[in-house]
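Take a look at this single chain, the form predicted alone, given in structure tokens.
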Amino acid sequence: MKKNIWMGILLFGFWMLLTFTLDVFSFFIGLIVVCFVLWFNRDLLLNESETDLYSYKGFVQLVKFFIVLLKEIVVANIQVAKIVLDPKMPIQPSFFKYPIKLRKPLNQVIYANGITLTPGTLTIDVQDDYFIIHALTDSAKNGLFNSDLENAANQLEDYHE
């Protein structure tokens, strides 16, 4: 029930953002559509053991993760642009195993996609205890270990309610 309330609030907020009006008709149509979507997808929603994102603290941690991710994307874009614009093209492409501490599959996927969205790195495969990652340079490879993004991802599971 808790997950349906959080998902309903998120879907309704998204509906109101898309309609960009505050009239009664849009409000009630949005409620009807959200209720239908929640009912139709009731078996697809994740349960409490798979994710903590339906709790307030879990949602706050996810927002913090996305803020750190945006910062990392901007910094990595600048670094990759410098590499591409350098006439010597100083790249050292490599594949490596990156150990992960996250146990929940959803958090692993969120972090793996965060690594992939950061220019200069690409998550190739997700195993139980590690990711296989392709890095454009050694600095991109070394920058993953103990990074702000890794710490933010670990915070998705580290807190207790």
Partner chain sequence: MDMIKNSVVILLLLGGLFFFLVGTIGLYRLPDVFTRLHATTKSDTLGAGLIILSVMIYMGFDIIVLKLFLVLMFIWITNPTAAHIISKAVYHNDVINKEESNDV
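Because the structure is predicted, anything quoted here is derived from the model rather than measured. Basically, rigid core = biggest C-alpha set you can superpose within 1.5 Å across the two forms. Residue numbers count along the first chain shown, from 1.
Just so it is clear, the following notes concern the form predicted in complex with its partner chain, a form of the same protein that is not shown.
Problem - Distance check, Asn107 to its partner chain in the predicted complex, heavy atom within 4.5 Å - result: The answer is no: Asn107 has no heavy atom within 4.5 Å of its partner chain.
Practice task
Answer yes if any heavy atom of Ile124 is within 4.5 Å of a heavy atom of its partner chain in the predicted complex; otherwise answer no.
Solution key: Answer yes; at least one heavy atom of Ile124 falls within 4.5 Å of its partner chain in the predicted complex.
Handout entry: its partner chain contact at Ile132 in the predicted complex, heavy atom, 4.5 Å
Key = So Ile132 counts as contacting its partner chain.
Practice task
Look up in the predicted complex whether Lys97 has a non-hydrogen atom within 4.5 angstroms of its partner chain, and give yes or no.
Solution key: So Lys97 counts as contacting its partner chain.
Problem - Option from 99-107, 112-120, 57-65, 33-41 whose residues, in the predicted complex, bring a heavy atom within 4.5 Å of its partner chain - result: Heavy-atom contact with the partner occurs in 112-120.
Handout entry: Partner contacts for 56-78, taking its partner chain in the predicted complex and a 4.5 Å heavy atom cut-off
Key = Residues within 4.5 Å: Leu70, Ile73, Val74, Asn77, Ile78.
Handout entry: Rigid core superposed: Thr19 CA moves 2 Å or more between this form and the one not shown
Key = Yes: Thr19 shifts by at least 2 Å between this form and the one not shown.
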